[in-house]
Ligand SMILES: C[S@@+](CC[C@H](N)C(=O)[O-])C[C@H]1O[C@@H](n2cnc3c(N)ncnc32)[C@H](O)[C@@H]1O
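Take a look at this single chain in structure tokens; it is the form predicted alone.
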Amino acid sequence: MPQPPRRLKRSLLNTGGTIHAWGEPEIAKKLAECMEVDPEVRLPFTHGFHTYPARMHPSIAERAIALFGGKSGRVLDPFVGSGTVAVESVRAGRAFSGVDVSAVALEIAWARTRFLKLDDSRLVEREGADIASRAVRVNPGDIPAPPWGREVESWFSPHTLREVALVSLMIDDIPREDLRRILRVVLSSILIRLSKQASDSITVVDRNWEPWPHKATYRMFADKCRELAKSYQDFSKDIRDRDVTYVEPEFWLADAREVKLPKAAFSIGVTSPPYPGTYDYSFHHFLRYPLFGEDPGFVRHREIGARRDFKTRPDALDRYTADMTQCVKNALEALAPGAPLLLLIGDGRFGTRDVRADLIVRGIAATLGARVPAGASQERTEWSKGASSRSKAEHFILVQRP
């Protein structure tokens, strides 16, 4: 597997900043309300499980569905990521369909949206503790090197990589498929912390990295299973207490430009597409691909708006605009006439030039003959190692079919 490029992180803060509402006043006011997020509030239910770069804040998704989605109908997210919109659709009792090019992302989203009986949520904790207690008794010399180890071995201490491999093998032996899938996502959730990688979004070696003690993997895995079991209990209790009917969400491994969505089948679309030239999404999970048996080339070759492309390709902005035009076209055709498509998108960078994402969306809508009646823009801070901060914006924009 190729090493990710060493680069500076230039992400946007998730919350905070002055909100400027624009367009039709009534719609703009609702969009601004969606973005009024308290950054100090702990993420509820399963939203806090498994770190994921650049995810939408759950309050934005919850309010968007409530304010713009009507009382019924299916919800669409063509860039599902870790499943924030999916979780909030489930909480609202709505049918949901999500699309992503990454199997890792879809497995995380699937795991986050499980509605479990109390005994099953406790089983997640018990199985995690059982695996940890059995693994700790295994002689380190008897742990086989994983067949996928060469792809990622430089990013782990040898003993830590073998511990990850042992937990993975024990997960494979669990009879229940749903439990195997959940526990594999649990293992995925601690993988970056166990590695030399600086963080989920900074894919370089941590300069202050120190090897974990032997058997730390097992304790960490059991702790995370316990945490997830409690999150499942809170999630399921919330659904039962509000007398919401659980609807199993759909997840499709596909490219948002090419996916064949049913026409006029959705009552609302809520999504956060790739920001132009901001992230190299395909490298965020490069340590996780082997764990899920995913081909990283599939994700890398289909990534839209990658930062690396904006640094090396003179036509990157044109390509991004063309790709996003096709994605928006597909999404609008899948929505019922007049149904809203809500896009959470941030400004980007092309060389030394800032790229206004709201202007890109307006241009795409004009090309497709669609309406952009309103939006809300919130100030964000871009930060970089060794560089001063810059002010940008993140936008929540409503687009409607002609």
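One-based numbering along the sequence shown. As the structure is a prediction and not an experimental result, all values here were calculated from the model.
A second form of this protein, the form predicted together with this ligand, is not displayed here; the remarks below concern that form.
Which one, 298-306, 224-232, 122-130, 159-167, holds residues whose non-hydrogen atoms are within 4.5 Å of this ligand in the predicted bound form?
Comparing against this ligand in the predicted bound form, the contact stretch is 298-306.
Please identify the residue among Ala54, Val372, Ile364, Ala28 with any heavy atom within 4.5 Å of this ligand in the predicted bound form.
Here the answer is residue option Ala54.
Going by heavy atom distances of 4.5 angstroms or less, which of Ala256, Ile182, Ile268, Val87 would be at the interface with this ligand in the predicted bound form?
Answer to the contact question: Ala256.
Could you tell me if Tyr281 has a non-hydrogen atom within 4.5 Å of this ligand in the predicted bound form?
Yes - in the predicted bound form, heavy atoms of Tyr281 and this ligand come within 4.5 Å of each other.
Find out whether any non-hydrogen atom of Val101 is located within 4.5 angstroms of this ligand in the predicted bound form, and reply yes or no.
It does: once this ligand is placed as it appears in the predicted bound form, Val101 has a heavy atom within 4.5 Å of it.
Residue-level question: is Ala105 within 4.5 Å of this ligand in the predicted bound form, judged on heavy atoms?
Ala105: contacts this ligand in the predicted bound form.
Can Val80 be called a contact residue for this ligand in the predicted bound form at 4.5 Å between heavy atoms?
Flag for Val80 set to yes.
What residues of 268-295, in sequence order, lie within 4.5 Å of this ligand in the predicted bound form by heavy atom?
Those in contact are Ser272, Pro273, Pro274, Tyr281.
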